[in-house]
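Next up: just one chain, as structure tokens, the form predicted on its own.
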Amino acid sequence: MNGAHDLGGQQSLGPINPESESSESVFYHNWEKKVFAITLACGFLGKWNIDEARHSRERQHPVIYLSNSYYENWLAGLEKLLLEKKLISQSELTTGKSLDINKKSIAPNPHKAMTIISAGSPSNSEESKPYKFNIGDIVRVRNNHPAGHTRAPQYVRGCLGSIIRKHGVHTFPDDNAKGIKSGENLYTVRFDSNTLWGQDKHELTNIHIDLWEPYLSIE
């Protein structure tokens, strides 16, 4: 979907001046630690996947999304998922108290959680599909604007690039966000900056973006 979460390449938002990772704090407030921990703990329930979680944050009103801090958006997405999956009620969310005295309490093992987080959750699949494109092919990113979740950035849609790497089959996020497990071939596509943003005041550079096969068409 098009929304406030997809700001790459957008104009008039000012320069990006990221802090060095060695000096940047992971958390600036104690409540952020709690949101992070609760989100991970709820994720271990297995009721949603990473793309469903991303889409839950994206579905906020753009003004609210941009007004929120990073972990405020995490909290908003978590609350939406807990309600949609019927793990809590609106009354429980509002009051902060469980209305079901028989509801089981869940206390994740912190050591097990750390092991799972450190291992990650690879998106690649043992499934094999014939490649539609080959290295060196010139492809165009489909100019689609889906209502659901997608990992095709707005600023590359409709643009030409060249295939430089093939990664095999990986979980297709557009379907995964709907709870549908499917895999599609994934490619690295190279674009030059003039193609994406024009020649005015831009130094010519190459931008590499990983894109799934359904996002692409052959020229």
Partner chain sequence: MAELENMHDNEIKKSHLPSDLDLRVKTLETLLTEKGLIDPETLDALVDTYENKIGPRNGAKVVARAWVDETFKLLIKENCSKVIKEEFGFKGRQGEHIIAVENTPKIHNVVVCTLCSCYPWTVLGLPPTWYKSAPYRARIVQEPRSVLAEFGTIIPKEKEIRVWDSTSELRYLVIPQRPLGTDDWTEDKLASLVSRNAMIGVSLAEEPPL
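Fair warning: this is a prediction, and the values are worked out from it, not measured in the lab. Positions refer to the first chain, counted from 1.
Keep in mind that the form predicted together with the partner chain is missing from the display, and what follows is about it.
- When you look in the predicted bound form, the only residue of A177, I163, C42, C159 with a non-hydrogen atom within 4.5 Å of the partner chain is C42.
- The partner chain is not shown here, and in the predicted bound form it never comes within 4.5 Å of any heavy atom of D200.
- Not displayed here, the partner chain is kept clear of H145 by more than 4.5 Å at the level of heavy atoms in the predicted bound form.
- Interface membership of Y71, defined by any non-hydrogen atom within 4.5 Å of the partner chain in the predicted bound form, is confirmed.
- With a 4.5 Å cutoff on heavy atoms, L81 does not count as touching the partner chain in the predicted bound form; it lies far away.
- Here the marked residues I50, L87 and S98 all reach the partner chain in the predicted bound form, each with a heavy atom within 4.5 angstroms.
- Contact annotation for 114 to 133: residues with any non-hydrogen atom within 4.5 angstroms of the partner chain in the predicted bound form are M114, I116, I117, S118, A119, G120, S121, P122, S123, N124, listed in sequence order.
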